[in-house]
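Only one chain is shown below, in structure tokens, and it's the form predicted on its own.
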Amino acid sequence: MERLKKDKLPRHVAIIMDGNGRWAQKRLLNRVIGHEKGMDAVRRVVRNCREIGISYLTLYAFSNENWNRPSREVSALMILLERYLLKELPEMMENSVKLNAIGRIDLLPPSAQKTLQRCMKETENNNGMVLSLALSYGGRAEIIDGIHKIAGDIEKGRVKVEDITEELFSRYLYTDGMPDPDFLIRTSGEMRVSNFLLWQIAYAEIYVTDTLWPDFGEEDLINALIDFQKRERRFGLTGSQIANRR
């Protein structure tokens, strides 16, 4: 296996964790078993990213659209979320991982909200990797929520319409204070972004693997990061312009 170059790591990695249900179905198991195995993959990847030196990791854990799944599956997912948070809190504290959440968190069940808030409060002073869970999240909803916030500030005279820039608007998004993702990974082979961080991934490199999320491990992560390091990020410039900057 090729080696990672520590000076060329993405600062912010975002992952669309897809394939739990298909993993279970292939084995003639209940979908909830797939989600349980998916939590094991979350544990591995969080640990691997921290050890490798990734500063920000954002995981697409539960979308707005996921509320439309069968109620038993949704309830199981919320229970798994709480179980994961409580089980991993000691390790987050030990390794100075700061927990963050993005999305319409107020739509989560009260118990899940309480556990999430507790874990974020306990880790808020940690200064290692920032782990963000996208929960009850949708990219379009985030942009609409941002518009509502900035419109409210315009009405109150805090912001002038002519002062609105991309940088200013970014401060009204859930990800305020975080750099945009450099690298977006999607498992299970689906070639779409599924309403995830639509504003923030404008210039992100995208990597898709056929590996189902429960099977995604350290080797898969390193292969993805090596692929990222081979790419030339141009941000709209030409290759010769990039070369002249070096």
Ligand code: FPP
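Heads up: residue numbers just count along the shown sequence, starting at 1. Predicted model only: the values in this text are computed from it and were never measured.
Separately, the form predicted in complex with this ligand exists; it is not shown, and the next lines address it.
Colleague: If we take heavy atoms and a 4.5 Å cut-off, which stretch out of 174-182, 217-225, 39-47, 196-204 is in contact with this ligand in the predicted complex?
Modeller: In short, 39-47.
Colleague: Looking at Met93, Ile143, Ile154, Leu80, which is the one with a non-hydrogen atom within 4.5 Å of this ligand in the predicted complex?
Modeller: Looking at the other structure, the residue within range turns out to be Leu80.
Colleague: Please check if Val130 has a heavy atom lying within 4.5 Å of any heavy atom of this ligand in the predicted complex.
Modeller: No, Val130 sits far enough from this ligand in the predicted complex that none of its heavy atoms falls within 4.5 Å.
Colleague: For Ala61, is any heavy atom within 4.5 Å of this ligand in the predicted complex, or not?
Modeller: Looking in the predicted complex, residue contacts with this ligand include Ala61, since a heavy atom lies within 4.5 Å.
Colleague: May I ask you to check whether Glu73 falls inside a 4.5 Å heavy atom distance of this ligand in the predicted complex?
Modeller: Result yes; Glu73 sits at the interface with this ligand in the predicted complex.
Colleague: State yes or no: in the predicted complex, is some non-hydrogen atom of Arg233 no more than 4.5 angstroms from a non-hydrogen atom of this ligand?
Modeller: Close contact is absent here: in the predicted complex, Arg233 is far from this ligand, nothing within 4.5 Å, heavy atoms only.
Colleague: What residues in 16-55 sit within 4.5 Å of this ligand in the predicted complex, counting heavy atoms only?
Modeller: Residues within 4.5 Å: Met17, Asp18, Gly19, Asn20, Gly21, Arg22, Arg31, His35, Gly38, Met39, Val42.
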